[in-house]
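What follows is one chain in structure tokens, specifically the form predicted alone.
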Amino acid sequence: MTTMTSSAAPAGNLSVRVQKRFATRGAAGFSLAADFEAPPGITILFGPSGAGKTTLLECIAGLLRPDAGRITAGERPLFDAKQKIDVPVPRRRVGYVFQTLALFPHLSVAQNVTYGLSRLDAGPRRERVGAILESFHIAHLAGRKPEEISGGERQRVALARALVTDPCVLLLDEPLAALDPLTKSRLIGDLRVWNLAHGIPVLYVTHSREEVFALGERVIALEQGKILAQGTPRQVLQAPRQELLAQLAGFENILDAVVTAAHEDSGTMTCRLAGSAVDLEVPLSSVASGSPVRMAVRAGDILLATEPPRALSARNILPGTLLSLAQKDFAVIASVDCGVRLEAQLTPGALRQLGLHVGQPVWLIVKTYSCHLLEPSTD
């Protein structure tokens, strides 16, 4: 879906404050409640399936009407429940690339991109379509049908069709999920170049934490229709405060523990891992001694040694037994019994150098600030 108006004024920030409830027979239903601003550039909407990411995009595009709230692009209201403003879809100047792309199979690449420019005279229309085809490196495909080009090329056509209308906001609903990393990287590079010249807010929906760090200038994390966290990718996913975010961010070790002592002079506290005699020194918090806590530790933040480490600054050195080794993408995950089961990540080179084998004694080294305390669930 793309829409167009003759105005080309910059949109500025996209401001969204909406509520939308869906009643489900026999269930509690689903409620969306979102309040955020997205500046020009790429903002990632991140969260599990059912979090409300697509619902939020549809409210912004005008395909769903919120029950309450306000949506503005710069100073221009797109929706305002109190003022009874609900700009029709064709007048919103919102570009939307669906997950399915929704290209017209009977139209050529050029005809697909031209769709939505019917108000322009033939000369300016040809000029604009030619320019966007060149920008996304698909001018040589102008006469072909969607079935005659590759998946990456179809993605480029869908983006070109959304952007040729000069939108004030671009919405991307997992458009690159099926692409290989190299094709995805090149396509995003072209989108970034285009947006440097046009400067519009881009909302990009993804489940992939790799895409979050590769693409996003900022991230909005959603769960069950509510915003869990927002900020830079590092702020949201490198040190998550919620368990769901820790899981989505790839923290392999989620641990239960009890606070046993606070060390205010060193800014740390000691926690005893549940069901074990294992103590971990973690960053100091306001949690009282005797209180239960949950913490997350990324496997990549745990070092593994085959001899007892000495003269280290790390406060947590845990002896254990190697239980298993498993390949994961380009890394190896070592599962170790230290009184609790922990996972550490190794490179294949480190695996060969250490000569690891199941059943041997090993030592895990866990830095204090690699242990991230999680906020209690509000369920």
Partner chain sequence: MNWQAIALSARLALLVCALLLVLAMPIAYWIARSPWRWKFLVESVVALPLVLPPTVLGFYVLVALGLRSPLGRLYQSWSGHGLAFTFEGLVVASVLYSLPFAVQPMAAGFGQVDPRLLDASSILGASRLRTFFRVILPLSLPGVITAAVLSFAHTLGEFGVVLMVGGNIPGVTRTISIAIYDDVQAFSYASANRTALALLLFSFLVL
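Just so it is clear, the structure is predicted and the values come from calculations on it, not from any experiment. Residue numbers count along the first chain shown, from 1.
There is another form of this protein, the form predicted in complex with the partner chain, and it is not shown here; the text below is about that form.
Student: Is the partner chain close enough to 90, 98 and 104 in the predicted bound form that each of the three has a heavy atom within 4.5 Å of it?
Tutor: Looking in the predicted bound form, the three residues 90, 98 and 104 all sit within 4.5 Å of the partner chain (heavy atoms).
Student: Check each of 33, 318, 61, 340 and return the one that places a heavy atom within 4.5 angstroms of the partner chain in the predicted bound form.
Tutor: Of the listed residues, the single hit is 61.
Student: May I ask you to choose, among 146, 233, 300, 116, the residue with a heavy atom within 4.5 Å of the partner chain in the predicted bound form?
Tutor: Exactly one listed residue reaches within 4.5 Å, namely 116.
Student: Does any heavy atom of residue 335 come within 4.5 Å of a heavy atom of the partner chain in the predicted bound form?
Tutor: Result no; residue 335 lies far from the partner chain in the predicted bound form.
Student: Determine whether any heavy atom of residue 155 comes within 4.5 Å of a heavy atom of the partner chain in the predicted bound form, and answer yes or no.
Tutor: Residue-level check for residue 155: no, no contact with the partner chain.
Student: So in the predicted bound form, does any heavy atom of residue 54 sit within 4.5 Å of the partner chain?
Tutor: Within the cut-off, so yes.
Student: Does residue 94 reach the partner chain in the predicted bound form if we count a contact as any heavy atom within 4.5 Å?
Tutor: Yes, residue 94 lies within 4.5 Å of the partner chain in the predicted bound form.
Student: Based on heavy atom distances of 4.5 Å or less, which listed stretch (77 to 85, 300 to 308, 262 to 270, 108 to 116) is in contact with the partner chain in the predicted bound form?
Tutor: Contact-bearing stretch, as computed: 108 to 116.
Student: Scan 265 to 299 and write down, in order along the chain, each residue with a heavy atom lying within 4.5 Å of the partner chain in the predicted bound form.
Tutor: If the 4.5 Å heavy-atom criterion is applied to the partner chain in the predicted bound form, 265 to 299 yields nothing.
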